[in-house]
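This document starts with one chain, in the form predicted on its own, laid out as structure tokens.
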């Protein structure tokens, strides 16, 4: 019995010794042990994860207000009314705003007046981001099976990107970033020659951005990079890394898509490269103005083309999804607030 008691005492003393030794080593300085750092995702350690405010209802309203004017193509009445609305909105959020007026000739030899709506936040800042979308709508429904000569509303193809950027401007007015931000609503993007016609050329599209790139609203204007929003409002949007963006600004593509991943929107901003199937404003901002710019645009997986409502009368408010508006809007704001 005494041997058992003695043995228990010895074991107890050893346990106490081990415990004290553990405390000593655990509290020791860095010279007594080697601490191996935990590997972390480099993307997640580079930026502070703080979800920006973006009011989805406001963005949806701004899309609807444009559509309520009716089809908005150069030289028609709704176009003129909407131009004033857009300039007034940007100005109401503290942006220095101008409407750049230009002249152009369409593929079918119509003389049109271009109105590019330009808003500047913090115009004295040297570091700048350019955000842009086209605000005009297609003057005919060449991809529809009926009423092909009548104009469309362009809720997704046009108004969605503009609606998001108006809400972005509103949020900038509330939570002011340190950098400069320029927002341009380009005109006459969608007055190009219909696909299938002989000698279809890309230069017949994006007349507003081509005009601006050749006639900058400020001498020697530049920005660190640009982001185009086009067809960014439909349900289950699928944004791929399209070829024009990857050719001119792959580093910006990777940055924006990484931010989408960080915010939990990886199913929207997918890590997949695709060939672009048309012409868009960012091409001319890259090629003429020399500003590295990318395009956030829906890619339809089933057809390898644009959204099924593209250039049809079905491109109305029924196709606009508030969740998609929020996803894109948050990614844009997150980008702005992480630029220093």
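This structure is a prediction, so every number in the text was calculated from the model and none was measured. Residue numbers count along the first chain shown, from 1.
The protein also exists as the form predicted in complex with a small molecule; that form is not presented, and the subsequent description refers to it.
- With the partner omitted here, the residue from 308, 70, 52, 278 that has a non-hydrogen atom within 4.5 angstroms of the small molecule in the predicted complex is 278.
- Residues within 4.5 angstroms of the small molecule in the predicted complex, judged by any non-hydrogen atom, belong to 188-196 and to none of the other stretches in 263-271, 162-170, 85-93, 188-196.
- Judged against the small molecule in the predicted complex with a 4.5 angstroms heavy atom cut-off, the residues 157, 201 and 231 are in contact without exception.
- At a distance threshold of 4.5 angstroms between non-hydrogen atoms, residue 248 is out of contact with the small molecule in the predicted complex.
- In the predicted complex, at least one heavy atom of residue 205 sits within 4.5 Å of a heavy atom of the small molecule.
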